[in-house]
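What follows is a single chain, given as structure tokens, in the form predicted on its own.
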Amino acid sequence: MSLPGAPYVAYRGDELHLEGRSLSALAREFGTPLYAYSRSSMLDALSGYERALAGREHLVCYAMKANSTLAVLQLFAAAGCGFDIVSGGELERVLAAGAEPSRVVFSGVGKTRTEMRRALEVGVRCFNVESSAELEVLSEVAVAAGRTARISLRINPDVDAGTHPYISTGLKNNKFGIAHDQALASYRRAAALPGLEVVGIDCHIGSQIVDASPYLDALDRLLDLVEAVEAEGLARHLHLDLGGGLGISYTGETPPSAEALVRSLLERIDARGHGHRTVLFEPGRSLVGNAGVLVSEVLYLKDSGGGKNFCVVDAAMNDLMRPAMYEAWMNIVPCDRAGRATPRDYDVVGPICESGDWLGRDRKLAVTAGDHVAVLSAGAYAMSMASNYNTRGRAAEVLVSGDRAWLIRERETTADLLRGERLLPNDAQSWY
């Protein structure tokens, strides 16, 4: 039986498996900390969007900031996805994975001229423009390059998605997008600027959203603008990019399924007479979040003497930043539940020299040193946010399909971390 929120993670007897592979066996083969991803989970998550959109002109653009590992991008490209990128580096990753640039939308509030030129050179589908200042710069860059930049204006609809403030993006005090009451003026300016072609409208209101109503509110505000823009003759046949942000279950949340959410949005689009439009979505977490687990070895069990017990593992905040950054709750379970130890309440912590280095608080675990534990639903915003703090190499990654597993990222070594750094020359001694 699979675990809540992790459809391809299940115990077979006492051994925890991801699809057909024992996680403890993977840990012994590839070492820890180790990220392991279920191929079937990712493709099943994508299928929910595709089923709802069948028969319509559409493009599902994977928001690759959630997990930008090349093999993950390759998997989604082969499945027909486009990509939502937010940097020039992400564009190069998409190209390295073999994806078509014509299926890429370029978002982000701080695109540089260099990034714009490169995106124009390879021919991205469109730029999601996030400010009036960006419009002016993109026009200059496109004219200088002798290209036309296809653009969609990202509108900030001032809709509260009810998420953590760090991942809220649709309120007027957030940095993202063009304010709703400035949008029509921005479309007028875009239509007048050389080197630009207005092709769409988009919004993204936040992340880990578990209620459909904010999406519907934002959609209504977008459709109001579409009707106003086209009534003035500023553009025709604008596509609708409704962003991403659909949540997953970490601790009992009950978000709508992707299929149910998309169908409810399409019903509203049809009811307002816009069923002919091409529709784009930019899911990230909902495609990869429940597909991944972080496997870690128990190093020490520690009694603080003050009533607090610590389970010290070899994964840390540099491997998984979400608990430290967002105080996020993530399920932690033993990879072997044979029960050799007495269950106790532990704070699960890592080796980093920070009190904020914790993966879970007050977790009942029956473990001993040398056992393995798995942090579930760790496929999104985990490896992509990993760092080398305390000169720790980033974890290895494997992709699992049935009973097969492929190493898709080698574990970083200390030599990898030092590469590119330079000591001062000997004559610099005189400087201090």
Ligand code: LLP
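Just so we're clear, the structure is a prediction, and the values are computed from it rather than from any experiment. Numbering starts at 1 and follows the sequence shown.
Just so you know, the form predicted together with the named molecule exists too; it's not on screen, but the next bit is about it.
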Query - Contact residue in the predicted complex, chosen from Gly82, Gly200, Gly244, Pro334 - any heavy atom within 4.5 Å of the named molecule - result: Gly244
Query raised in the report: Of the residues Asn156, Asn318, Ser107, Ser152, which one places a heavy atom within 4.5 Å of the named molecule in the predicted complex?
Result: Ser107
Query raised in the report: When you measure heavy atoms, are Ser207, Gly284 and Arg322 every one within 4.5 angstroms of the named molecule in the predicted complex?
Result: yes
Query raised in the report: Taking heavy atoms only, is Val373 within 4.5 angstroms of the named molecule in the predicted complex?
Result: no
Query raised in the report: Can Ala396 be called a contact residue for the named molecule in the predicted complex at 4.5 Å between heavy atoms?
Result: no
Query raised in the report: Heavy atoms within 4.5 Å of the named molecule in the predicted complex: does Tyr326 have any?
Result: yes
Query raised in the report: Any of the heavy atoms of Leu43 lying within 4.5 Å of the named molecule in the predicted complex?
Result: no
Query raised in the report: Among 60-68, 403-411, 388-396, 32-40, which stretch sits within 4.5 Å of the named molecule in the predicted complex, heavy atoms only?
Result: 60-68
**Report entry** Partner contacts for 350-371, taking the named molecule in the predicted complex and a 4.5 Å heavy atom cut-off
**Finding:** none
